[in-house]
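First, one chain by itself: the form predicted on its own, in C-alpha cells.
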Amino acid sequence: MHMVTICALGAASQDVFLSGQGIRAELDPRTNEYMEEFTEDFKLGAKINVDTVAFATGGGATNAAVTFARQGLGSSFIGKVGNDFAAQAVLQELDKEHVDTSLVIHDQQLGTQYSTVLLADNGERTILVYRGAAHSHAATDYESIDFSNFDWLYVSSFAGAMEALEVIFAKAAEAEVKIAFNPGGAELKEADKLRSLLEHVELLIMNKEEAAQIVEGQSSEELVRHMLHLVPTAIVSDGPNGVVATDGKTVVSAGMYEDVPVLDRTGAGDAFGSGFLSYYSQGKSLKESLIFASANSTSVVQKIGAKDGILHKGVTLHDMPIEEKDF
C-alpha cells in the first residue's frame, strides 16, 4: 500500500509561553464577554509577575508536519531558519517526530523566528514576534527544490512572499503534486496575486473573515460555494460556530467537536487544516476528514503550545454535530 507523502511549507518558530496572575483576561460586565485589554496595564518600566514559563516549538508548517507524521504519513518540512539555538530546537523536535528536515533552508544573516506568548487565563494570547528568517523567503530559495517525491504540499502562511509561492506552486503543478493552501493575512493583502495562485490549488482552507476577502457571501456556506469557482475543494471555518466544507458533490456542515476548557489557542488552526488533509489525502470522505480535523484542533487547545496535543494515529473519535447534503 502506498504511503502518502506530504511536505509542509511555511514558518518554523521557537516559542516561550508566559502565564500567571499578572497576565489575566477580564470579563466586561456589560456584555459578559472578555475585554480586549489585559486586567493589568503593562506600563513602561514595570515588572509583571508570571507563574509559569513553558518552551515549545511552533510555526504553522512545523505544526502541520507533526500532525502528518503522527498519523503515519511520510512527512517533510521545508522553510527558513537561522543558524542558532532556536533552529536547533525546532529541528531536533521535528527529528524526534520523524519529520524529514533535509530540505530546510538556513538563512546566514537572520535568526529563527521567535515568539514570546503572553497567555491569558481564558486561552487567548498576545504574541511578541521576531520574524527573522521566516520573513525572508525568496523565489531563488525554492527554484532548485524537487517536489516530485511528494503527493501533496501543505502550504501555510508565507509572510506575503508571493514570488516564492509562484515558484513553489508552478513547480508542484509541473510535478503533478496536489496543493492544500492555508494562506495568511500577508497573502490576503495581495488578493489579485493570491487568486492567480489558486489555479494550482486542490484544497483551500480559510476562516470566514478571510474567505470574505476573496469571494462574495455572508454565510459560511455561501462563501464555500463561491470558493468552488476558484478551487475543487474548499473549507470555511468560523470558530465556535463550526465549519463548512464542499467538494462540489456534497456540502458538510459541522459544529464543535467538544466543549472543552481552553488552555491555549496557539496552533488550533494548524491542527485543523493539517488534521483534515491527513485524512483527506488518504481517500477519506469530507465528513470523516472534518471529524478528525475538529478532534485534532480540540485536543491542541487543551495543552500549552501548538504540538503537545496533536493526536496520534489510531485515536478513538466520537460523534459530533455534523450534517451532509447534496451540493
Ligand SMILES: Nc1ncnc2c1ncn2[C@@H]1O[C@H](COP(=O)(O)OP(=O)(O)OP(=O)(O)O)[C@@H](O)[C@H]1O
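Nothing here was measured: the structure is a model prediction, and the numbers come from that model. Each residue number is its position in the shown sequence, starting from 1.
Not on display, but discussed next: the form predicted together with this ligand.
- Shown alone, this chain has one stretch from 107-115, 140-148, 250-258, 70-78 that lies within 4.5 Å of this ligand in the predicted complex by heavy atoms: 250-258.
- For V50, no non-hydrogen atom is located within 4.5 Å of this ligand in the predicted complex, even though that partner is not displayed.
- For R125, a non-hydrogen atom is located within 4.5 Å of this ligand in the predicted complex, even though that partner is not displayed.
- In the predicted complex, this ligand stays beyond 4.5 Å of every heavy atom belonging to S219.
- For the chain shown alone, G185 is not a contact residue for this ligand in the predicted complex, no non-hydrogen atom being within 4.5 angstroms.
- Using a 4.5 angstroms heavy atom cutoff to this ligand in the predicted complex, all of G239, F272 and T298 count as contacting.
- Screening S136, S196, Q88, N207 for any heavy atom within 4.5 Å of this ligand in the predicted complex leaves a single hit, N207.
- Within 4.5 angstroms of this ligand in the predicted complex, the stretch 152-173 places no non-hydrogen atom at all.
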